[in-house]
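One chain comes next, on its own, written as structure tokens: the form predicted alone.
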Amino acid sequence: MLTQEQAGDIFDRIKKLSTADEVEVLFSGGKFALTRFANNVVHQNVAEENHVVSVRAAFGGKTARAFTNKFDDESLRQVVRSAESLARVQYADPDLLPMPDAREAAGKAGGNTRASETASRHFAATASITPESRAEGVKKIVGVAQRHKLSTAGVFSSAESIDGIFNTRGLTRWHTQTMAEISITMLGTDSSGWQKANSPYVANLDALALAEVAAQKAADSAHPREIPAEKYTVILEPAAVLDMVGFMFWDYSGMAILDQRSFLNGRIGTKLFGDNISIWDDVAHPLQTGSPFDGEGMRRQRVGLVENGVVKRVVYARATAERMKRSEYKDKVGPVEATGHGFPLPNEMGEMPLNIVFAPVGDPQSVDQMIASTERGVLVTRLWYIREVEPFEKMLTGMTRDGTFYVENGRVQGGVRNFRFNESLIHMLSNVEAMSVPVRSCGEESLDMVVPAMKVKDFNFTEVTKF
């Protein structure tokens, strides 16, 4: 693994090679390993170690970036030459700011934001996972599949990674993290079940328990029957919630407001969702992961995005915040300040909240309690093939999969064929009748989040599938 001291040496060599007014170097990479299984056997084991330096050169308002994963003198000379050559032929960007120094990047507290203090996310137990220990985990999963007469497929991966940034104004930031992840699909003749979880600390993952839940879903949804597509009360497990709501967070961006491509244009400060919906972006939350600084090295702030259904504000990269202060929208978008959510420059996207946390409610209910209080509804394990149909109302379409159940008179009655849905996120988050305690959850079509299961009334299913 590349260390901070080694990265500092590489940065010093790059500085000596550069003629740019300012230079920024991003470091990323690490070790990644994965064991893949299908048909109840391991069929692939891969591992790699790679580190990349990304050099950004700036001359006045011109900037550009070049990459390499070779750290010898000649390779560094070439990457510096490439970054500088590219920068010189760019048009000058009037919004490009000088690189931040350490004091500016440290951020500030106040208003609706506060500085985030993150605990270590590097665990020796995760960093030392071996192919044999991943295979042992897969053996437990396969054992569950065989006991239920099912076929299983999935992955067990592990990683140890670094993120770092150095610039010629004295900024130095470094982050190390580990991650383990298990994804399991259990397949029957006409049904399936699924579970997925990840954590920086491998001890938080229980392969056996995940396999048992996935297998039970496959068994319980066997011989699915067809029920009509119409509006139902739905109970969305956390993975289904995050893959839906993930479609709106690109819009919580100052750049999206300025470009008038956000569904929040003209809506900040208004009540858009139900009273029980409050959402933060908080990299320091104990169930969150990731680097505590953004693509320019700015410290990520804890930002309240939604409070009791009212959209409070969006996040900002440094340059976006300055543009917003000069724009016609500046008095209509809540607090305007750099919040530490920018992507590495140059980019056309600006910023995005990456560490979403739903606030807990005062009377959380378990999924079993939600089922018990449902006269007629559908329990959804997860969703896929989600696409945006209409961006301003956030109308989405997609399909259920891997465990869809009919609920009647407070009990799960069995599996049903999967549905296509057409549902507005605004409508959905305005009709949440109950929520569980938020948990760390991961899906396939959105960022990992801390989200609850939700019971939602009048969720709109429009078609029934053939499986």
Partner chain sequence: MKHVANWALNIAALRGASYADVRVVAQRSRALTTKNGKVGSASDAESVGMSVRVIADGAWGFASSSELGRGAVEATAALAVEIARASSRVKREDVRLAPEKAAVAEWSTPYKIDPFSVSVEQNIELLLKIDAELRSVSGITLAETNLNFNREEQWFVSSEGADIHQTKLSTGAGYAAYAFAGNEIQKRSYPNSYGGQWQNKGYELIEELKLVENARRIADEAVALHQADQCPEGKFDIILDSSQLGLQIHESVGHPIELDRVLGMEANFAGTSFLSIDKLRKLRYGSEMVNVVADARQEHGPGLGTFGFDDEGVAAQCTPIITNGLFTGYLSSRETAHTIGESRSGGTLRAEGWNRLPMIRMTNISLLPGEKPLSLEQLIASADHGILMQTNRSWSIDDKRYNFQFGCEIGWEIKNGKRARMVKNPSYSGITTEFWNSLDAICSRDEWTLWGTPNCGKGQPQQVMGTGHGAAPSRFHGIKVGTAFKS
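Numbering follows the first chain given and starts at 1. Predicted, not measured: the structure shown is a model, and the values here were computed from it.
This next part talks about the form predicted in complex with its partner chain, which is not shown.
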Open item on the list: Would you classify residue 408 as touching its partner chain in the predicted complex, given a 4.5 Å non-hydrogen atom cut-off?
Closed with: no
Open item on the list: Even though the partner isn't displayed, in the predicted complex is residue 462 close enough to its partner chain, meaning a heavy atom within 4.5 Å?
Closed with: yes
Open item on the list: Residue-level contact is defined here as any heavy atom of the residue lying within 4.5 Å of its partner chain in the predicted complex; does residue 255 satisfy this criterion?
Closed with: yes
Open item on the list: Within 4.5 Å, heavy atoms only: does residue 395 come near its partner chain in the predicted complex?
Closed with: yes
Open item on the list: Would all three of 59, 241 and 278 be in contact with its partner chain in the predicted complex, where contact means some heavy atom lies within 4.5 Å?
Closed with: no
TODO: May I ask you to choose, among 364, 170, 391, 269, the residue with a heavy atom within 4.5 Å of its partner chain in the predicted complex?
DONE: 391
TODO: Could you tell me which one of 335, 304, 131, 292 places a heavy atom within 4.5 Å of its partner chain in the predicted complex?
DONE: 131
Task: Stretch from 161 to 169, 373 to 381, 203 to 211, 344 to 352 whose residues place a heavy atom within 4.5 Å of its partner chain in the predicted complex - done: 344 to 352
- [ ] Within 4.5 Å of its partner chain in the predicted complex, which residues of 86 to 105 have a heavy atom? Give them in sequence order, or say none.
- [x] 86, 89, 90, 91, 93, 95
